[in-house]
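To begin, one chain is listed below as structure tokens, in the form predicted on its own.
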């Protein structure tokens, strides 16, 4: 992923409706150019032809009207505008008409500062995949993403926590963007027709780490997707033989803490580094930092950046335990 290229993805089309959106865009673009030139070119021509030094007072006269010209400049732009309306409406209708839930995978998406969370339906074993996708500066890319099968309709039900801000789920390669609003559920759908990885960007300014609020959609062959979906692995690409994460570390990653705080280095990402924090503060302080982050703000940082986390008491205890181990 090239985090310096905010247009990454426009060089490919990977959703079934992407070509329709492109067609509507370029039609709109060229018709707008033509309509603009029919105004701008005559304007400059007449400004030059009838400049003060080139026209005598006795040559000035008034024309009452020109019926053929008036009909032409009314009907031609109207016809072109109707063409724009038709293609704009049909492409919007395609994007906004949700497919039947029975033929789709419905995935819940939560956008919050500054991460994306995905929750899938339960698989045959009853396991529910819950994935947190966050940009990891250490690896220079996104850790985990949204995994979908090729040729499958997918419905995204998107929201943001009530105490968060507006985000926008933007996939350039799909020509798809939808606002994600606190306390509301918005929907978008797609059907990916090409296997690959496609960038997801937040297209609504959302604060300090907005420029790093990336995710990715990984389109897989159906068999590969089904194999992962029926497992309990968080990602189809993680090493199954790797040691399991502790409960606290898993919560640390799943809640997006790693996107803002480094715990194994002194690097400052968005918030202060947590390296050695267990030796500096007791469990009560760490618990307050999770539940009421504005109660005590470290010097050099600002209140209101870190949202409070409404976590079960047991999860908070595990997080505190993990943070205390960072000595």
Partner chain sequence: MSKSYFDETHCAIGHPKSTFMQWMLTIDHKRIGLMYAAVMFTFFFVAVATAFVMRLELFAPGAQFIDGDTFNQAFTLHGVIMIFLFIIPGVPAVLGNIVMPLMIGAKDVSFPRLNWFTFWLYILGALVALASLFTDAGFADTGWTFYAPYSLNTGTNVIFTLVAAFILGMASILTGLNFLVTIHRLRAPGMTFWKMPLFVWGIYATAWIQLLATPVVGITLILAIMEKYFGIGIFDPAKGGDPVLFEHLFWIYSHPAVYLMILPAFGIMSEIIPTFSRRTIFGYRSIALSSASIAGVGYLVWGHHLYTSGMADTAKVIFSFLTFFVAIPTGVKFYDWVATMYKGKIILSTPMLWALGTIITFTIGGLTGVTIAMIGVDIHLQDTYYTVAHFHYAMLGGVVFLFFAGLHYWFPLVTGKMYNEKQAKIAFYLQFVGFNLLWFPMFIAGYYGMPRRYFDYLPEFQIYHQFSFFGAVIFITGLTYMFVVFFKGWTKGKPSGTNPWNATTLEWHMPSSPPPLENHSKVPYVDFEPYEYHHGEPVVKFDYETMKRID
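Values in this document were obtained by computation on a predicted structure and should not be read as measured data. Numbering follows the first chain given and starts at 1. The term rigid core refers to the maximal set of C-alpha atoms that superpose within 1.5 Å between the two forms.
From this point on, the text means the form predicted in complex with its partner chain, which you will not see here.
- Among heavy atoms of residue 149, none comes within 4.5 Å of its partner chain in the predicted bound form.
- Put simply, residue 178 is close to its partner chain in the predicted bound form: some heavy atom of it is within 4.5 Å.
- Interface residue remark: residue 319 is not counted as part of the site for its partner chain in the predicted bound form, having no heavy atom within 4.5 Å.
- For residue 120, no non-hydrogen atom is located within 4.5 Å of its partner chain in the predicted bound form, even though that partner is not displayed.
- Although its partner chain is omitted here, in the predicted bound form none of 102, 106 and 289 has a heavy atom within 4.5 Å of it.
- For the options 92, 233, 195, 155, the residue carrying a heavy atom within 4.5 angstroms of its partner chain in the predicted bound form is 92.
- Exactly one listed residue, out of 296, 284, 39, 279, brings a non-hydrogen atom to within 4.5 Å of its partner chain in the predicted bound form: 39.
- Shown alone, this chain has one stretch from 221-229, 183-191, 123-131, 246-254 that lies within 4.5 Å of its partner chain in the predicted bound form by heavy atoms: 183-191.
- Using a 4.5 Å cut-off on any heavy atom, the residues of 185-212 that reach its partner chain in the predicted bound form are, in sequence order, 186, 199, 201, 202, 203, 204, 205, 206, 207, 208, 210, 211, 212.
- Taking the rigid core as fixed, one finds a CA shift for residue 59 of 2 Å or more between the shown form and the other one.
- With the core held fixed between the shown form and the other one, residue 207 has its Cα displaced by under 2 Å.
- Core-superposed comparison between the shown form and the other one: the CA of residue 232 stays below a 2 Å shift.
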